[in-house]
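Just the one chain here, the form predicted on its own, laid out as structure tokens.
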């Protein structure tokens, strides 16, 4: 009896990625994966480049933030019957050759699989010292709240199975969503695991998180994680 093919969609949220978006999509196309680019109200030529190249595109008229763009991708995956969707950044940092490992994690029973730079020692770009310190802090916060140990909670290279797609299509954090969404998935009873991946430096453009914004990011995300976690505890205790 032949194995049933799993439908996999790659979601590419893009904000001002005119320098890298074609390369990212070309790599995905050559690998044979279905994909959707969600242009999040870019102010550069990202939309025009995608339209001229015939790229499968959802073009948002205004910027919703990374969470809004990714949630729209989950809704697209749910509406079109995909078994697995995978978030891939539009800046070229994520190595598409690791997609099979993410898919395998879902097929092995996890609902959410996170591509992690830190769960094992891997070669490749691991971000600045300040950001790695922040990631360690978030690991401790999530561990305190949920009991989970997630080494790369800010990773945007993530695979969702059907239960996670359904959850995140309904409810997903809008601002710096990755750490908070891990706690939300855990609260919903979803299984979460990490698989080791290697990442590259961004292939174009500039990160939206400056050193000053990194401080804001850490405070805001830490509060969001604690609110998400303690909110779920209070709901269970009622």
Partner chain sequence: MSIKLRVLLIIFSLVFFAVVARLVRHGRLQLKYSLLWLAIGLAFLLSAIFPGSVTFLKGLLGIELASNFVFFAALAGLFAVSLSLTVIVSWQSRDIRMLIQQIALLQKKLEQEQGEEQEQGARRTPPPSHNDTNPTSNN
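Residue numbers count along the first chain shown, from 1. Since this is a predicted model, take the numbers as computed values, not measurements.
There is another form of this protein, the form predicted together with its partner chain, and it is not shown here; the text below is about that form.
Does at least one non-hydrogen atom of residue 61 fall within 4.5 angstroms of its partner chain in the predicted bound form?
Looking in the predicted bound form, residue contacts with its partner chain include residue 61, since a heavy atom lies within 4.5 Å.
Please determine whether residue 143 contacts its partner chain in the predicted bound form, using a 4.5 Å cut-off between heavy atoms.
It does not: once its partner chain is placed as it appears in the predicted bound form, residue 143 has no heavy atom within 4.5 Å of it.
Applying a 4.5 Å heavy atom distance criterion, does residue 172 contact its partner chain in the predicted bound form?
Yes.
is_contact(residue 75, its partner chain) in the predicted bound form, heavy atom dist at most 4.5 Å:
Residue 75 belongs to the contact set for its partner chain.
For the interface check, one of 185-193, 23-31, 42-50, 66-74 should have non-hydrogen atoms within 4.5 Å of its partner chain in the predicted bound form; which one?
Answer to the contact question: 66-74.
Identify, from the list 80, 104, 136, 166, the residue with a heavy atom within 4.5 Å of its partner chain in the predicted bound form.
Contact check passes for 80.
Can you list, in sequence order, the residues from 11-39 that come within 4.5 Å of its partner chain in the predicted bound form, counting heavy atoms only?
Heavy-atom contacts within 4.5 Å come from 36 alone.
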